[in-house]
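What follows is a single chain, given as structure tokens, in the form predicted on its own.
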Amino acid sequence: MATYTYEHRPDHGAKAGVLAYLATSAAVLLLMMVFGLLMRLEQAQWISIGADRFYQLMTLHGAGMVGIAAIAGASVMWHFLRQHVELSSRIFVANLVLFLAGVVMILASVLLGRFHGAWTFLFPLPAKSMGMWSADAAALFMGGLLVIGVGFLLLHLDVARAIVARYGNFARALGWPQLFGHDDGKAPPPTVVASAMVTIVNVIGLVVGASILTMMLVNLYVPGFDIDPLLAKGMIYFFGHVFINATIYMAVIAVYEILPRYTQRPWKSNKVFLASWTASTLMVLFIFPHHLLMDFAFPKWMLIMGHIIGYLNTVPILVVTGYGALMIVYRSGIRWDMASKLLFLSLFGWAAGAMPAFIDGTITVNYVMHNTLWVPGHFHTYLLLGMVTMVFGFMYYLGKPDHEADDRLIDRIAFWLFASSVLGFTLSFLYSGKESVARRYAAHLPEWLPYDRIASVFAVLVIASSLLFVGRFFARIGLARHDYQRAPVARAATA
């Protein structure tokens, strides 16, 4: 029977790095939530900040949430992966420094330079502002994204180096010898498999993103340097879709590592698990055209490919992970606490968030729904109730004084408040989309205001519950720093 033993791995530099990542993630997450609330209040006509300020906040909210999801996901991946391979703490810290530098550049471009071309910065909008912002402001925004991208590229290259040093190549890290040959039970652990997949797709995505950002920066000051707008849009959406999808593939490592420690059952890298991650490695690279189904100018084969893969990609990792979590918990006698409850809830959020995307990926539905609040309903469910909830679970796991400590009443209240308010908030988006409420509009019609106001109330509750989570984390961060070296490292042993 497989049991779990524990070993201690004190590393004060790594400990401080992970806690710095989480502290940064928590602070920026709350700020981005406040920006989102201000936008909903503007649409509800409960405040008046004006269209310009609305789109500035929309630009910051989009870029900030994508960036902070990546930083938080990277902290989860790095914390657990370093228990299997030798990673560089200096590169880990350098990524955070570059991230913060890029954030300062982006904030300056928007708040001082008044750039508000959205986080997607679609060509040629940054250079065609009609006097609403300068070329320098656009350059500062795209330069900030480029600096952040360089940091993440360094991080993933270090992960690639460490994985290859330990396993020889990525085929072995993905478990291909066991997947395509005899399963000898020696496949890499789930953390290594997931990290290998994320590294492959994100290195490709980041290189493509850096390429188009560099091209657009040149075009800003040398207009004669022509860029095909269709190519630019394809590159931007490829980079953006790969990068945001990778955030949840990093964060789900917390589920693979923490739930087995609660249930005393190993999460096995069997053939089905390995096949799901290999399939998603390929599909994540080709799925992005499902966001472009209304773009008639794109080659038809690309849209068909995105349509089909959009259906198929729902199955592998999500279904295998969800089923695996149910089986590992079933009759395990698990002792539920905030960490385990949040991680289990996150799998529901991931599954629930994927369904609106699955529906929107149907071409006949996409024509009607894609430019409505249905789509923000999808990715707010996916990120808030899925990815962000995984990170909150990880934070509670690290911050717990000891494994037998009971949750406080305030924690239990915060859990149910968060779960119910996020559901209410995201369902408000989805129902608004069903009623054809347009997305990206600063001003809403009178018929849309009831939905906006309901969403605003739920947004306040989401922020309040998230603030409780973050407050509890900061309050216990001293204990977390003390106990980090005592955090259990799972090792399957045969009894």
Partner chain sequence: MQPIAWQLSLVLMTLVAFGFAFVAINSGRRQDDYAPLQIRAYRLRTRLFWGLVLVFGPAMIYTLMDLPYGATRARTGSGAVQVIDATGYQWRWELSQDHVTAGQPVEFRVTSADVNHGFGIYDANLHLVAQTQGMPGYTNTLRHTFEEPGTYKILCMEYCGVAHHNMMTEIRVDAR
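Numbering follows the first chain given and starts at 1. Predicted model only: the values in this text are computed from it and were never measured.
Missing here is the form predicted together with its partner chain; even so, the following discussion is about that form.
**Student:** Which is the contacting stretch out of 126-134, 151-159, 173-181, 97-105, given heavy atoms within 4.5 Å of its partner chain in the model of the complex?
**Tutor:** Comparing against its partner chain in the model of the complex, the contact stretch is 126-134.
**Student:** Name the single residue among 39, 430, 470, 33 that comes within 4.5 Å of its partner chain in the model of the complex, judging by heavy atoms.
**Tutor:** None of the other options qualify; the answer is 430.
**Student:** Heavy atom within 4.5 Å of its partner chain in the model of the complex: which of 294, 164, 279, 207 fits that? Just give me the one.
**Tutor:** Partner contact (heavy atom, 4.5 Å) among the options: 294.
**Student:** Check residue 66 for me: does it contact its partner chain in the model of the complex (non-hydrogen atoms, 4.5 angstroms)?
**Tutor:** Contact check for residue 66: no, nothing within 4.5 Å of its partner chain in the model of the complex.
**Student:** Can you work out whether residue 414 and its partner chain are in contact in the model of the complex, taking contact to mean some heavy atom pair no more than 4.5 Å apart?
**Tutor:** Outside the cut-off, so no.
**Student:** Is residue 441 a contact residue for its partner chain in the model of the complex, using a 4.5 Å heavy atom cut-off?
**Tutor:** It does: once its partner chain is placed as it appears in the model of the complex, residue 441 has a heavy atom within 4.5 Å of it.
**Student:** Does its partner chain get within 4.5 angstroms of any non-hydrogen atom of residue 169 in the model of the complex?
**Tutor:** Residue 169: no contact with its partner chain in the model of the complex.
**Student:** May I ask whether 237, 327 and 436 all come within 4.5 angstroms of its partner chain in the model of the complex, judged by heavy atoms?
**Tutor:** Spot residues vs its partner chain: full contact, yes.
**Student:** Residue by residue through 331-355, tell me which have a non-hydrogen atom within 4.5 angstroms of its partner chain in the model of the complex.
**Tutor:** Contacting residues: 331, 332, 333, 334, 336, 344, 347, 348, 351, 352, 355.
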